[in-house]
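Consider the single chain below, provided in structure tokens and representing the form predicted on its own.
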């Protein structure tokens, strides 16, 4: 059972300070079921790696186990994968071997506790019986990790036995060491969905302590809590209640709150106008192309006119946020039949985009490279061809009113272009002539007499051929 943590931070030898483990020493920590060994496979100013190796004694494991294992055969407590996989044993070893670092302290160089390190973690054997690679990604990717998974075969000599439930996992991220260790402490037993000790109420405090600052914002926090407590509903409920109570409440200035009531934020105005146009068009089946975290989907869900509501986005992590915003896990089967989410791109033909009455494309096209616009046009207007499309994009003319923007700059670093009102009108004229879509352009936001509104929306309606 092996875990390694590597960095290319300069100097990489700082890894020894932040983890309180000297690179020149082979160290061991006594555990209830064996030992954990800590050593450095490599350590230089350019690159350093520390390894945590668990040497689990299967006899001690059985002797110290006060509960019977939940296996399906009599010798389960003697014949099992516990000595060989990352599980709650590994979490205990992390807490013992790196307790000071996990608590955010660094004695030798205190400033390192707050340093963001480029880190790579390798877990040699990680079980994920229920969910597999999808579950591993769903847990770590929302936290910002790049995840690489390799599923292991049961036995290379007998390939006909098939693949196992075990994975070799590599995680890459830039973050503080205390954050990394807290993530691993919680997530490893969550993936294994087992613990080698009784789950008591004190585990609630441990989870909330290690999950402070990130668990409350995780799109799969309910699943994490449920699996952490092995499905014990009482502990899970208490943990969720305490987590909600501990979440900081945003302070809002009274004057700002009054202003928000009188004038919704610009993005909210875009969404409200998009919903209004889809309702007035009589659309029953709608798709939000580039749905992000699902704000528009949640608004559409409340309208009974829409019998089918679908969201598509290129970002998997955004889709996870959308599921959380829609309270997907709490939906009835009937509600889930009405809703759908999938990952996809607006520049590749996809049959899943076809057959809808209406489509929303809100503040999306400006994130595309202009040389990909032709592909976007063909995908949406030639192949998908919804009856009504509501599409919004920033009005570059209005940028002159933003004091912080210098001439020629754009509102967001990820924008590839921003069109003036004349450029947007010219583009919609081209769409009308080439793909047979009539259009109406509407301002979004507060109008300025000279520069127009901050955003502009085209409502494009497919021209039906009477022939």
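It should be emphasised that the depicted structure is a prediction, and the values quoted were computed from it without experimental measurement. Positions refer to the first chain, counted from 1.
Not pictured, yet referred to below: the form predicted together with a small molecule.
Though the partner is left out of this view, residue 291 does reach within 4.5 Å of the small molecule in the predicted bound form, counting heavy atoms only. In the predicted bound form, the small molecule stays beyond 4.5 Å of every heavy atom belonging to residue 379.
Although the partner is absent here, residue 116 sits far enough away that none of its heavy atoms falls within 4.5 Å of the small molecule in the predicted bound form. Taking the partner from the other structure, the small molecule in the predicted bound form has a heavy atom within 4.5 Å of a heavy atom of residue 314.
Checking 223-231, 168-176, 315-323, 381-389 against the small molecule in the predicted bound form, the stretch whose residues place heavy atoms within 4.5 Å of it is 315-323. A heavy atom within 4.5 Å of the small molecule in the predicted bound form is found for exactly one of 121, 152, 368, 331: 368. This chain appears without its partner; in the predicted bound form, the one residue of 346, 136, 92, 112 with a heavy atom within 4.5 Å of the small molecule is 346. The pair residue 333 and residue 240 is looser in the predicted bound form: their Cα-Cα distance rises by no less than 3 Å compared with this form. In the predicted bound form, the CA atoms of residue 237 and residue 341 draw together by 3 angstroms or more relative to this form.
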